[in-house]
Ligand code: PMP
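Given as structure tokens, the chain that follows is alone and in the form predicted on its own.
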Amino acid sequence: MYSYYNDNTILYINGEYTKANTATTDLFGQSLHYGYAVFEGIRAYKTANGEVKIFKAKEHFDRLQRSCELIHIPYKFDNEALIAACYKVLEMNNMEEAYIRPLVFCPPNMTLKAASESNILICAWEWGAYLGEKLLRVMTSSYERPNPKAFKIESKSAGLYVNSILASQEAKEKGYDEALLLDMNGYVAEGPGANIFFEKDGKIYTPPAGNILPGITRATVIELCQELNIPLEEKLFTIAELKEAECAFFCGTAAEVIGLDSLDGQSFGKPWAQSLGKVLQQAYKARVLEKSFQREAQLA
């Protein structure tokens, strides 16, 4: 089992820095019993000039705040102070490249009423690309993303990830690397923890917001397409349409950008090394490391 902390690990809780192995929480908390919590996944990188930078820290904490507001968890924290706390946690743990996890959780309450108070935790650990470096064998999940009328889908809420666990576990039990979930109408939605893109005829496609968690990495990929003059369209599409794609890839903070080898055992037509997905994977890595990137050099 992966160890996320040791005897020396320091984390941040409600304005204080404390050792992870002495930190405690209340066993009657609403978050523990009902999954009523919100979190973010953020990455820090050692950039090309040797400086440690947290990628899109403001965007992540803005989303953390918005997620809380959507599900009625009080958010009385100052985001600039929280970003500073992230850098302090990295410094105190001697980390240069790390995955950072802010979590807003609620105090004891066994009712189903909205919380009147909240707490915040920030921890970090060293974590490689969540889905690995190899192209993924993906299956269409029997699980669907929840109906947006039943939940605030755009909120990065802890309880929603039970759906992701079920889908991901089902895929692994059937010998695949990861799952792909549909929405309630049968259109492609996203992976358990990543957004999906595909390439066809020189153009990139991705599902629109509405039935997905529109990720910050997803937004970055869209920005890169604009900068690199790669045509992109947000549209609804089916599994059948996706299987006709030349290539496909997942993206997310934990996964970064990772290509798909196949979907339900059917391979994609274009070699990953020759795809726009590969170009975007390299452009994304250059962006987070603050290195220059020229698309022409990648296609030479």
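As the structure is a computational prediction, the values presented were derived from the model and not from experiment. Counting begins at 1, following the sequence as shown.
Just so it is clear, the following notes concern the form predicted together with this ligand, a form of the same protein that is not shown.
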Every residue of E190, I216 and C251 near this ligand in the predicted complex, heavy atom within 4.5 Å: yes
This ligand: the contacting residue among F151, Y161, Y75, W127 in the predicted complex [heavy atom, 4.5 Å]: Y161
Listed residue that, although this ligand is not shown, lies within 4.5 Å of it in the predicted complex (heavy atoms), from A194, A167, L224, C86: A194
Partner contact for R63 in the predicted complex: this ligand, 4.5 angstroms, heavy atom: yes
Location of this ligand contact in the predicted complex, chosen stretch of 207 to 215, 132 to 140, 77 to 85, 112 to 120 [non-hydrogen atom, 4.5 Å]: 207 to 215
Sequence-ordered list of residues in 130 to 154 near this ligand in the predicted complex, where near means a heavy atom within 4.5 Å: R145
